[in-house]
Every structure is written in C-alpha cells, then in structure tokens.
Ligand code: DC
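One chain follows as structure tokens, the form predicted alone.
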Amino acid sequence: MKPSQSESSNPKQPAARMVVIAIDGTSGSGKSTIAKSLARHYDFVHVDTGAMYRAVTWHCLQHGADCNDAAAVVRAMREMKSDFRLCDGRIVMFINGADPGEALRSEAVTQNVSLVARIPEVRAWLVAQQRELLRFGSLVMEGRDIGSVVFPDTPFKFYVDADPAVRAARRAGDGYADQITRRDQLDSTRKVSPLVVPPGACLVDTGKNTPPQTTALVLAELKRRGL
C-alpha cells in the first residue's frame, strides 16, 4: 500500500492568497526557532520538514529496514500509512495512526535520517506531500530544500547558518546526538535536492544575534519584501 495522507481541517484561506515563508539552512542553525516565531507572528502554519524525514526513518528502523539499503527503505515507506494533521498550529506526520513524538529525537533516528533523506524516491514523495500542505493555510516551512525545490517561486526565502561550534552546542542542547560536520557533508553532497543557498534567499547568520534579534531582522526583511 502506498503512503496516504488526510487532512484534519479545512483550508484557512482561498488558495490564491496562500503565502509560503521558506526557511532553509544547516543543522542546528536555528531554523526551528525562527520558523516558530514567524508562524506565531503571522498566524501561519508551522511545517518542520526535517521531522517528516525523521518519521520515515523511524518507521524504517521500527520495521528492521537497513537505512543504507535504498530499496529496503522505499519498500518500508510504501508499506506505511501516513497522514498529516494540524495540531496546535503545526503539522504533525502520523505513521500508522500514531505520532512518533519524542522518538524522532532518538540517536538511532538522528544517525540515519540523512541516509534516508538522500534517497530520490523518499524525497520525491515527501516533496509532493509538502506542497499539498497549502490546503491547511499559509505556511512557514523549514528544511533544506524549501526555497530551492519545494516552493522555489516564493519571494520569501531565507538561508540560515552559524559557526559549526555554535550549531553543535545547540543540537546537543536540543537533545540530538549527531555530528554536525557529517550531517553538513551528507546534506550538501547528495545527488537529489542537496542543501544549497536558494536563489534570491536572504542570508541570516544566527550566531551573531540572540533569537529575538534574529527574528526581528527576518521580520524586517519580510516587510521589505512586501509581506
């Protein structure tokens, strides 16, 4: 059975009025902090696409699929049942009727998610699902290919980065046990939708400011761009 999805609410706005704010960047750069703040400010839906790749990875691990084996991952993905629900202003991906929750932060998922995310079939399916999320309303979507692949036509693009040491400390503080340099290398060199600075994106160095200062800078740029 192919993965499926369902919606838990009607669209907030007519499709012609939908807005997408794309937040791309490296691991631990502060994408989630910015995205959550923007979603609250504009009353948009927050979408963490990284959590979706983690959910697929979690499912594969739960069913004994070797994440180094692309064919095994694709088989496991096609056997799962998924749906996307709007929960407290954010999209949650349910797998076989369950929210993996904190299991997405497990070391096993963290160590394998980049392997799963580089598989073309996984990316193609999830990108299609991410585009469909506009049915829930305007979005603040964070990830590694939002402004370059998922919504390349949005005028509201940002690329977030910080010094590797700063990012590693943040990841540890968030409960993730991954190696920043390894994640950067895997994400930037994969053949399909590698991590790049999207054309037209505003570059944001989060290592030089507090979260409120960074959010204020992004809000000012969004205003300048007409939002």
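Numbers follow the displayed sequence, beginning with 1. This structure is a prediction, so every number in the text was calculated from the model and none was measured.
Same protein, other form: the form predicted in complex with the ligand, not shown, and the subject of what follows.
Across the proposed site, Arg54, Arg144 and Arg183 without exception bring a heavy atom within 4.5 Å of the ligand in the model of the complex. Under a 4.5 angstroms non-hydrogen atom cutoff, the ligand in the model of the complex lacks Arg85 among its neighbouring residues. The shortest heavy atom separation between Gly50 and the ligand in the model of the complex is within 4.5 Å.
The closest non-hydrogen atom of Val113 lies within 4.5 Å of the ligand in the model of the complex. Put simply, Arg123 is close to the ligand in the model of the complex: some heavy atom of it is within 4.5 Å. Residue-level contacts in the model of the complex: of Lys81, Arg135, Arg90, Arg105, one residue has a heavy atom within 4.5 Å of the ligand, and it is Arg105. Stretch-level contact analysis of 157 to 165, 186 to 194, 38 to 46, 64 to 72 against the ligand in the model of the complex, using heavy atoms and a 4.5 Å limit, identifies 186 to 194.
For the partner-free chain shown, just Lys31 of 28 to 47 comes within 4.5 angstroms of the ligand in the model of the complex, judged by any non-hydrogen atom.
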